[in-house]
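For reference, the chain that follows is the form predicted on its own, supplied as structure tokens.
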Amino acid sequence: MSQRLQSPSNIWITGASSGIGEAVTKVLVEHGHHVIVTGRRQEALDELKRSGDDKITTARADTTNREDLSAIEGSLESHGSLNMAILNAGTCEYLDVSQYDSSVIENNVVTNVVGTARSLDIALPALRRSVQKGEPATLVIVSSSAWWFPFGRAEGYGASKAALTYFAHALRADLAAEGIDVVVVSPGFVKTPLTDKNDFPMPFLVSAEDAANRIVKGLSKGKREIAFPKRFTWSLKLLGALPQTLIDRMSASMSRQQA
């Protein structure tokens, strides 16, 4: 049986100032866990702390910035061993191929992949110390189901999430011998300030609160892959299993409709 979240735990969450990160924080606090919340906006973190009082510690940082992360390293173990790191900070920028700009690709990759990788500079040593004390240690990486099918305009976002999932799976293999679990979370469309900017229909859209409950439930059950909502994720997997020529035609057709 999984030991995850079975007793009060010390958890670090990045990208906690809004959306999924904020919602997951609130669910974890309700379950009696202590959460260190990281985001770029101190005001939003302070407001979140007021909702959880002494069970929330704020640690403002830009996860793409090494100096910011070094400055908050001590906060991760300020309330005991770090039992879980939920690396959720991310962005989504779409590309207008008629005005191609490689900076759109760069922005997605730097925030989603490099920011996650740099967060491990401080999270991994803390998780290793927890293992040495005989405590559970789990690394959670929030990716996306978007990369399972080549959607138009999502070149940068989809590529960054594909890289992030590969990164997580490779880490799972490398860290298995150390006793550190690696979990990949692959949501579909979740209503957040980021998706509120989308100018297209979002099938099977779920609320941030619903997403948070699904994530925490999956973690508590010991799952290593958490993907939701099932109707959307299974649809994408089925589409992704089609012959590549058919996938290409479908993707091109969707792209023309969006244009």
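Numbering starts at 1 and follows the sequence shown. What you are looking at is a predicted structure, and each value in this text was computed from that prediction instead of being measured.
Quick note: we don't show the form predicted in complex with a small molecule, though the next part is all about it.
Asks: Where does the small molecule sit in the predicted bound form: which of 180-188, 95-103, 147-155, 77-85, heavy atoms within 4.5 Å?
Replies: Only one stretch passes the 4.5 Å heavy-atom test: 180-188.
Asks: Are all three residues Ser7, Lys26 and Gly218 in contact with the small molecule in the predicted bound form, where contact means a non-hydrogen atom within 4.5 Å?
Replies: Negative, none of the three is within 4.5 Å.
Asks: At 4.5 Å between heavy atoms, is Thr195 in contact with the small molecule in the predicted bound form?
Replies: So Thr195 counts as contacting the small molecule.
Asks: Look up in the predicted bound form whether Thr57 has a non-hydrogen atom within 4.5 angstroms of the small molecule, and give yes or no.
Replies: Looking in the predicted bound form, residue contacts with the small molecule do not include Thr57, since no heavy atom lies within 4.5 Å.
Asks: Might Ala61 be said to contact the small molecule in the predicted bound form, defining contact as any heavy atom within 4.5 Å?
Replies: Answer yes; at least one heavy atom of Ala61 falls within 4.5 Å of the small molecule in the predicted bound form.
Asks: Even though the small molecule is not shown here, does Arg66 get within 4.5 Å of it in the predicted bound form, heavy atoms only?
Replies: It does not: once the small molecule is placed as it appears in the predicted bound form, Arg66 has no heavy atom within 4.5 Å of it.
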